[in-house]
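The data below hold one chain only, encoded as structure tokens and taken in the form predicted on its own.
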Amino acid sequence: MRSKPNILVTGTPGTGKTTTSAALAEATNLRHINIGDLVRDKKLHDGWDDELECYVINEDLVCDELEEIMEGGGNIVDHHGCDFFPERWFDRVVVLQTENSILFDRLSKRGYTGAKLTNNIECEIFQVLLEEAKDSYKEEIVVAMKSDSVDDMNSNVATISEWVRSWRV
């Protein structure tokens, strides 16, 4: 039995997952696990995808790496995908969503172009990650949150922090 909840923060790249997760970790004293950093640092990938300019993560290696940590609870996992994580790991799944023109500007500033930019904007337009979360987890633990501004992020952190304080197994 976990004494603290596990939270997954997911959404299209550029929606504020890492910024929100870091602020949430600070507000709740939960551990922030950025899957992108973990994959890079521990080499939990099957190489580099030149077209999408990212590592091809090895989902089995990632899950093996996290299994013990997740069982203990008290984690905020930050990743754009969610369908490969075991359902039992998470008590709350937060899907951040950003208005398309704002997301386009954020991703362009990051240097996203071509297929990488188009794929991510389309992913947001069609709410792919929200649908993935709803298909992968119990509907009652999945919550979509607007993430267009710093005010939105602060409100989201406050809302999730309150949920953490009231969480019971």
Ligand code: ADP
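Remember, predicted model here, so these are calculated numbers, not experimental data. Counting begins at 1, following the sequence as shown.
The next section is about a form of this same protein that is not shown, the form predicted in complex with the named molecule.
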Can you check whether residue 150 is within 4.5 Å of the named molecule in the predicted complex, heavy atom basis? yes
Check whether residue 106 has any heavy atom within 4.5 Å of a heavy atom of the named molecule in the predicted complex, and answer yes or no. yes
Is residue 18 near the named molecule? Define near as a heavy atom within 4.5 Å, in the predicted complex. yes
Determine whether any heavy atom of residue 42 comes within 4.5 Å of a heavy atom of the named molecule in the predicted complex, and answer yes or no. no
Where does the named molecule sit in the predicted complex: which of 62-70, 124-132, 140-148, 42-50, heavy atoms within 4.5 Å? 140-148
